[in-house]
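In the block that follows, a single chain appears as structure tokens, in the form predicted on its own.
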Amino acid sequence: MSRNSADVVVIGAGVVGASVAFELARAGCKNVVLIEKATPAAGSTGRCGAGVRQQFGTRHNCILAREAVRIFEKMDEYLDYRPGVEFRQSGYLMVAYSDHEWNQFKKNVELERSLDIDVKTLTPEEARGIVPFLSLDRLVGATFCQEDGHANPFHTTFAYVQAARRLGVEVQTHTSVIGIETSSDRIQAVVTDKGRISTNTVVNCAGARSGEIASMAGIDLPVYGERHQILITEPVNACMGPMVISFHHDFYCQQTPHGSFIMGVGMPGEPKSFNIRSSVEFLDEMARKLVTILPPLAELRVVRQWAGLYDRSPDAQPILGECPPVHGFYNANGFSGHGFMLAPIVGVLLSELILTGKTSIPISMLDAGRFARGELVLEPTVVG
């Protein structure tokens, strides 16, 4: 029989929710319930590109990403997961196509190095030394961090869920949240289509549906869904190590360990929606930019394309922390495409905040109240 009370209810078993549930249990929280309307990683986590990078333009993003990488590096042992999460540090190559962008990259590198992140600047010719078929047309410069990489999003989520279960977390799959009860601005219960769970603490990790979950508690949370598309090619022999990413073209491309290339572009004018249908227009745009940046890859055949949802916030930054005026309602959403790479450290920090009231890394600037205060956090180094 499922539990009808919990110390903490975590909503959403993507990688963020799974990480939060595990870290709560690891820190000693005895009665945690993780609710998922489908199965773990069935939503945006299982549809993402699964890149992990530390190259950002804001101090807090660099620190969060650096600490997440340190957890990824030991994750198989940390979560006692024998299949392995397939974390490979094959690097990120970021390419610049204007003087303005190149100047920003150089500022980023100065910041990153000050935070003990090993990043270097490259001339176009040096960048081609890392990716031999990279086009030099209009390329101004590049940055490279060998410690960046990618992991398997399914294995990563499954590893967290299995480890959480071993620590006593109850995972309720195929369960939808249909209401959140409050009284005097305090959480009283989470109501699902399978029953009512009494609790005074909820963590909203529902991705693009986080705004809907928050509204059940009477909170106006500015998180919305935005479609992003991606494709994968036939496998070929290994020929490209790092993720190649261009903010100028809203483009990224990575060769997987299997040999396939996985890639995506940001589509201009994508509306707010929960649409996860793929489109011909995406294929046209992807092909046009691929020919410009990595010309030989245009010869590869596409095996499959799909779409997933970014959980967008107004400033494309995560929303983390308790959400007044409702005491006991916490957010871990709004990642805008960076949820997978930040999930390991976000789980640690949300656990600390819920159980001790403070965090080992400052995250107060990422609270939901920043939008009302007009204190947006702007990151200059994002795709889409």
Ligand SMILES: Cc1cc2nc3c(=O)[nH]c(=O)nc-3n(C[C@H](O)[C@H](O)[C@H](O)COP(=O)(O)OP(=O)(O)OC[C@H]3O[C@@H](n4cnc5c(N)ncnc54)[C@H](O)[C@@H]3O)c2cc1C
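All of these numbers come straight from a predicted model, not from anything done at the bench. Residue positions are given as counts along the sequence shown, with the first one as 1.
Another form exists, predicted in complex with the named molecule; not displayed. Remarks below refer to it.
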So in the predicted bound form, does His249 come within 4.5 Å of the named molecule, heavy atom to heavy atom?
-> no
Check whether Ile11 has any heavy atom within 4.5 Å of a heavy atom of the named molecule in the predicted bound form, and answer yes or no.
-> yes
Any non-hydrogen atom of Ala206 within 4.5 angstroms of the named molecule in the predicted bound form = yes
With heavy atoms only and a cut-off of 4.5 Å, decide whether Val16 touches the named molecule in the predicted bound form.
-> yes
Which of these stretches, 348-356, 313-321, 59-67, 35-43, has heavy atoms within 4.5 Å of the named molecule in the predicted bound form?
-> 35-43
Check each of Gly308, Gly91, Gly141, Gly211 and return the one that places a heavy atom within 4.5 angstroms of the named molecule in the predicted bound form.
-> Gly308
May I ask you to choose, among Thr121, Thr175, Thr182, Thr199, the residue with a heavy atom within 4.5 Å of the named molecule in the predicted bound form?
-> Thr175
